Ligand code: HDD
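Encoded as structure tokens, the following chain is the form predicted alone, with no partner shown.
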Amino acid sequence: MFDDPLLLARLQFAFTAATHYMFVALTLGLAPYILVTQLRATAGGDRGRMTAVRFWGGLYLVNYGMGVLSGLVMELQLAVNWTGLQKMYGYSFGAPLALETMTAFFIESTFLGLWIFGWNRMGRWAHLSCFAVVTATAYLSAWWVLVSNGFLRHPVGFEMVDGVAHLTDPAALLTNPAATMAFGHIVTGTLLVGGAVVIAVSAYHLRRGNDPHRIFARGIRYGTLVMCLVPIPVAAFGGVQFELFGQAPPTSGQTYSASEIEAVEAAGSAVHPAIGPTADALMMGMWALMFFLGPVLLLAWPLGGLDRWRWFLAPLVVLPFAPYLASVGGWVFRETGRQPWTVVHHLTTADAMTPLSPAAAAISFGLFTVAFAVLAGVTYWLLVRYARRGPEDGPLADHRDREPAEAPVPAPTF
């Protein structure tokens, strides 16, 4: 394994992309719930709901910060390990990624900062508007990433000039079915991730009778509705993508002839032929579990089980593993199905990679894997820590009403 630079580079990108997606999924999944909760709190002057916004917003903030760090590291890896892709398709594949960077690091981060530091410093509707921009730009960032990824699977809207792809039809790039269908799948899938996390945290506190502001009673009901309504569109958006599997893109033939394409695909370059089917089975199994869990939760709702059945609430604490495993399994299945191509029928994975010695590839694999393992571990620890502390001790908790433990010592005057 360690003497094959291509295999190491592919596994490295798989690990880092899957880890980064865990942060992205929770960001996209939590944002709509926080936004709607703040809207209701702002419109009705509901202090309990505003406390909920601070609590869930604190978890969002921790996750977002680590997501930004992991995104920077992953972009560095993309630039270092895959220069062949950048040289040939930088003008087409790279353009949406550049727009995503500007969206996330300029607009989204700016308005998130205003939202974080704007509590009690700006009007309540202006404060709400800041998070509305954060939510919109989070989904816009995801869209740009999927436009780039969709181009790899179904390359459209370009022509080859001296071995370099030049974008000729931006509309075709933006309406690429590989991007639009994947976006619908990602949006609905991340809602399941957010709903599962809200259920898990709510179940933990409800088992302990800790819900003074009814934050967690409302949270587990929201998660129940998500689990009942969202799995079907998730499956629908995922299913329609199978139509593209094995389908030649409209630009096929510009780089390789039909016989050359057949020869490349016959040679293949899969890591292991069982990985794709295994990932598919994992994805289907987890989606099936969540599909049947929704009605069970809905049945327990009127019977009071969502608030009082400790035996029922206990296993819900580990529920977030199901949508995460399903999402990662689906991503692995989608990406391994594209092999041996990085850009289908145009650029092989081997040609997309930077020429690296086995030693350099092993060092890169080790450093990036350790970096992402640390980021994932720290994020998990912080999220669990603040989730268990509850709304009184979160990163955005309001401490204005707390009395000081000791009277302040008068400062000496001269």
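Here the structure is a predicted model, which means the values were calculated and not measured. Throughout, we count residues from 1 along the sequence that is shown.
Not pictured, yet referred to below: the form predicted together with the named molecule.
The site on this chain is open, since the named molecule, superimposed from its pose in the predicted complex on the surrounding C-alphas, has no atom within 2.4 angstroms of any backbone or C-beta atom.
Segments offered: 296-304, 311-319, 217-225, 136-144. Contacting the named molecule in the predicted complex at heavy atom distances within 4.5 Å is 136-144. Contact here is defined as any heavy atom lying within 4.5 Å of the named molecule in the predicted complex, and by that definition not a single one of I199, D211 and A387 is a contact residue.
With the partner removed from view, the residue among L128, M74, V264, L99 that has a non-hydrogen atom within 4.5 Å of the named molecule in the predicted complex turns out to be M74. Proximity to the named molecule in the predicted complex, defined as a heavy atom within 4.5 Å, holds among F365, F372, W56, Y64 only for Y64.
Contact annotation: W119 falls outside 4.5 Å of the named molecule in the predicted complex, judged by heavy atom distances. Interface residue remark: M50 is not counted as part of the site for the named molecule in the predicted complex, having no heavy atom within 4.5 Å. In the predicted complex, the named molecule lies farther than 4.5 Å from every heavy atom of Q38. Although the partner is absent here, I34 lies well away from the named molecule in the predicted complex, with no heavy atom inside 4.5 Å. Residues Y21, V24, T27, L28 are the members of 21-47 with a non-hydrogen atom no more than 4.5 angstroms from the named molecule in the predicted complex. The gap between the Cα atoms of V187 and F105 is smaller in the predicted complex, by no less than 3 Å, than in this form. Relative to this form, F105 and M181 approach one another in the predicted complex, with their C-alpha atoms ending up at least 3 Å closer.
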